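Shown here is one chain on its own, the form predicted alone, set out as structure tokens.
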Amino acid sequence: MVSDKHEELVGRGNREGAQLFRDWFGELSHTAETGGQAAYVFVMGSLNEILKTFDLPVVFPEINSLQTAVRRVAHEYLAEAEDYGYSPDICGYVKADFAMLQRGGDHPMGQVPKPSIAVLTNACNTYIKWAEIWERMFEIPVVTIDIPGTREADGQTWSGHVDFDNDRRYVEAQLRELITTCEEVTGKKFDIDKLREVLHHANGISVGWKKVLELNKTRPSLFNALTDGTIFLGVANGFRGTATGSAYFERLVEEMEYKAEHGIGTLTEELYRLIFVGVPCYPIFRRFNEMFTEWGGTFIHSTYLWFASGGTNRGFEYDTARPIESLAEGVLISVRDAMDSMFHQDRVLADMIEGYHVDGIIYHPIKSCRTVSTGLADARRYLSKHHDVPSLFIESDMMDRRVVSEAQMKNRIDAFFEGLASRRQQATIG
């Protein structure tokens, strides 16, 4: 007999996450209807911590765009942007966002307000050109935070290293300039005590997110990194620095610990544990996942949960006694980590393979994003040379259904699992 506690806990993160998303879009719709101010940001280095200090609602165009694909209307937005003159080769997120703005903010989940300010980092080369579109359309200030990337072969440097300390001061100076710009845009004076409060809530999310990811080392896996993970990721980004977001992750950890204690997995029978590399195929999101779960395969981790969380996965905790300095340190570490997880998947995957009992790796390069996709073929060859883990290379897109061939993907996925089954059988015989 299923207990009341089981009913309450299992699946709670998905239910609450979906509701938070609806509430978030409801608040954005209210802001749009009342003509309130809003900040446009990106997932890798959103600077939500500072923006929340000024009570600015945040709009994540990447999240808005992927939601049009999940709801199977992205092709309408892409067609409008291409009719306007944007090339089919340009990032689908950008085109869907532009078309939405041309529609006056009309989105399947609500109304998106116009930007009053845009904040971005150099984590993705597309961010800079994307923000220039808003700058031209709305004549708003655009603040670009330049994050020095990892410069050493063995990974990024840390506090106490001369290069790191210089880079932290460089980032801190830019954050102080952002604060001044926010004061000018909002007409509000910066409140450092409020920043401390926001950082405290952000710490709760970071610690919780890292714990949730680590708990998925459990057999069977507790959540699907592709489907469930996308919900958790959205909350980590959209509610960063809020009491609501911190409480959500505290409750999510409770759910995952309960599932781990009682052996409750994401599948009835987990046969293969997989890692996903790249950005999901949102135009057929549910069916894409089913092509793996039908074989008993589940995604126990993904590089997407690293770079699209802006480095939150590291579990970095801000020092509220020195808020601005610590924020600069956290931004430097987190955004660097996000960039490294895109450009140096070999390091990320090596850590995942060792700790998560991985049976296979799925590489998914996409037409829309060369930043993520370039080099995946080379990374796969490197992986095959240094790790005895089978891999699959399938191409489609995160937005454009015109380049998504479900039948072709299914054939290749079926062949991949047949190979995994044969490999396992031979190992048993041996």
Partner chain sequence: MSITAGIDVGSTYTKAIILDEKREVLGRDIRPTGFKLTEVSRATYRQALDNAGLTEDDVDYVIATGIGRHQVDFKDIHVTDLTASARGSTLLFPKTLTVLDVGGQTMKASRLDSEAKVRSFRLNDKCAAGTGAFLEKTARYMGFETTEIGPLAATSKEPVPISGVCAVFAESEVINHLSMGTPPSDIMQGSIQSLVERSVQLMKRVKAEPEYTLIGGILRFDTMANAVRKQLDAEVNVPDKDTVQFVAALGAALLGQRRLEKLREEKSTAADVA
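Residue numbers count along the first chain shown, from 1. This structure is a prediction, so every number in the text was calculated from the model and none was measured.
Another form, the form predicted in complex with the partner chain, is not on view; read the next lines as being about it.
Only one of the listed residues (Ala79, Val162, Ile128, Ile192) places a non-hydrogen atom within 4.5 angstroms of the partner chain in the predicted complex, and that residue is Ala79. In summary, among the residues Arg401, Arg370, His30, His387, the only one with a non-hydrogen atom within 4.5 Å of the partner chain in the predicted complex is Arg401. Taking non-hydrogen atoms only, Gln37 never approaches the partner chain to within 4.5 angstroms in the predicted complex. Contact annotation for Asp83: at least one heavy atom lies within 4.5 Å of the partner chain in the predicted complex. For the chain shown alone, Ser405 is a contact residue for the partner chain in the predicted complex, at least one non-hydrogen atom being within 4.5 angstroms. For Pro88, a non-hydrogen atom is located within 4.5 Å of the partner chain in the predicted complex, even though that partner is not displayed.
Stretch 88-96 is the contacting one of 292-300, 315-323, 88-96, 260-268, since its residues have non-hydrogen atoms within 4.5 Å of the partner chain in the predicted complex.
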